[in-house]
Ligand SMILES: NC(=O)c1ccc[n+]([C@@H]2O[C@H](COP(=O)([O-])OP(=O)(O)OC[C@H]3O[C@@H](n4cnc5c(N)ncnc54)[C@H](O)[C@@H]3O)[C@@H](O)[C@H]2O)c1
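One chain follows as structure tokens, the form predicted on its own.
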């Protein structure tokens, strides 16, 4: 860490990336210099960037000058952009943890980071107590369960639409009971929390997941319960969704901002 401004490259131009850009405008120590998008979107993204953040450039690949990369775009972006950046020695943060239900991708990230002599950071996103869960894992965990509840609108565009009529349900409806690997694979845009919890704890094949569409709530509710040699804990979080994307918790954006802030702060927690 230095007193210099840290230049950050964002991958993606969706709701999460835009919220990060807006919140970092005129930041004293952090500056988003590039936003990576598909080549055909560069002109449109550049026009949008000029309204939000001065001096930020839309590009199709992570620039050679990148000092830190933050991924906010999904599975394909990790393959296309994060892995090559890690191989060049650029530290990267990943928001799309659900993509890591693919074991081969986890191994590829590890190899790339080792080759580049750097690290890939998996952000906690919409869930808390990840530090406690990862610490408890060191002494041994017996069970970890995750239950995710969202309003029906939060499940639009997912396999939930094949399970029930999301616009017609009047009571909480279970969409899926499965291990975290299956949940993350079927609901990659909705079940990042399930993947995060499993990677911090017992793994994708030993973490029990229940996903629920609940018309009686307006918030995204995450419940994690863990038992092991450390004792036990039960966590409930009620996260407000991002206004521009009801599938995403506002805390996901705040988690990314905390990750970036920690890169320039003299004290981190």
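Treat the numbers as computed from the prediction; the structure is a model and nothing was measured. Residue numbers count along the first chain shown, from 1.
Missing here is the form predicted in complex with the named molecule; even so, the following discussion is about that form.
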(request) Considering the named molecule in the predicted complex, find the one stretch among 229-237, 49-57, 34-42, 202-210 with heavy atoms no farther than 4.5 Å from it. (result) 34-42
(message) Even though the partner isn't displayed, in the predicted complex is residue 87 close enough to the named molecule, meaning a heavy atom within 4.5 Å?
(response) no
(request) Considering only heavy atoms, tell me if residue 74 and the named molecule come within 4.5 Å of each other in the predicted complex. (result) yes
(request) Decide whether residue 256 counts as a contact residue for the named molecule in the predicted complex under a heavy atom distance cut-off of 4.5 Å. (result) no
(request) Indicate whether the named molecule has at least one heavy atom within 4.5 Å of a heavy atom of residue 100 in the predicted complex. (result) no
(request) Scan 141, 113, 176, 126 and let me know which has any heavy atom within 4.5 Å of the named molecule in the predicted complex. (result) 126
(request) Could you spot which one of 92, 197, 183, 95 gets a heavy atom to within 4.5 Å of the named molecule in the predicted complex? (result) 95
